[in-house]
Ligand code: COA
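Take a look at this single chain, the form predicted on its own, given in structure tokens.
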């Protein structure tokens, strides 16, 4: 990922695109990728715009150097009044929710420290590829605070209340290997293989029928909140619509004709 192939969205945010995949990089190595208010505002706006971008079929989110995202920029908390603090937390909530709600599949490529808000970003992503050197945690308790971007809730739902309580109440930093054993990581790899692994995964997703990909992500998310019988009915309804669409017909025809399919998202 070189400077001449990147588009600067903010002094600490850069994006590049490749064959239907957007790669968004937090570029604030001196602060381990800590999210200032300015970064968070630009990230929020970017995510809101991305949801309607049909050219992007998958998003890879990564960091720079030793930090993926080391949480909020705590220096901005010092001296802030209650109104400013609460406003920052509302912005964070809106940003994390926008990431989790993207119709495109999202892949966190975790290169280093993913702490506090950084771990919450990871928990909002659909798939997670991590470097062997990556570290995860919710250390807010050591500041007399608690996670405010979904850490207590999304982690409990993803890995169980017991593990969530342990990390939240102790502030323990967890190595990538432990999260992998607990099923929270899609893959773990050598540092030099991190972005290639994430891009290969994203390219595979981007090469599939985009409407089916989006519907599959939505079905899994929505179905988890429904009784099984309703979720199964919804699944069949979505399948029926896909079969009747242009991409469904193209996929079946391409299989029969032994050729690669050409999908258009219809």
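Positions refer to the first chain, counted from 1. The shown structure was predicted, so the numbers you read here are calculated from the model rather than taken from an experiment.
The protein also exists as the form predicted together with this ligand; that form is not presented, and the subsequent description refers to it.
Using a 4.5 angstroms threshold between heavy atoms, residue 139 counts as touching this ligand in the model of the complex. Mapping the unseen interface onto this chain, residue 73 counts among the residues with a heavy atom inside 4.5 Å of this ligand in the model of the complex. In the model of the complex, none of the heavy atoms of residue 96 sits within 4.5 Å of a heavy atom of this ligand.
Using a 4.5 angstroms threshold between heavy atoms, residue 30 counts as touching this ligand in the model of the complex. When you look in the model of the complex, the only residue of 83, 169, 143, 161 with a non-hydrogen atom within 4.5 Å of this ligand is 143. The partner is absent here, but in the model of the complex a heavy atom of 115, alone among 121, 155, 107, 115, sits within 4.5 Å of this ligand. Residues placing heavy atoms within 4.5 Å of this ligand in the model of the complex fall in a single listed stretch, namely 30-38, out of 30-38, 206-214, 229-237, 52-60. In this stretch, 237-266, not one residue has a heavy atom within 4.5 Å of this ligand in the model of the complex; the partner itself is omitted from this view.
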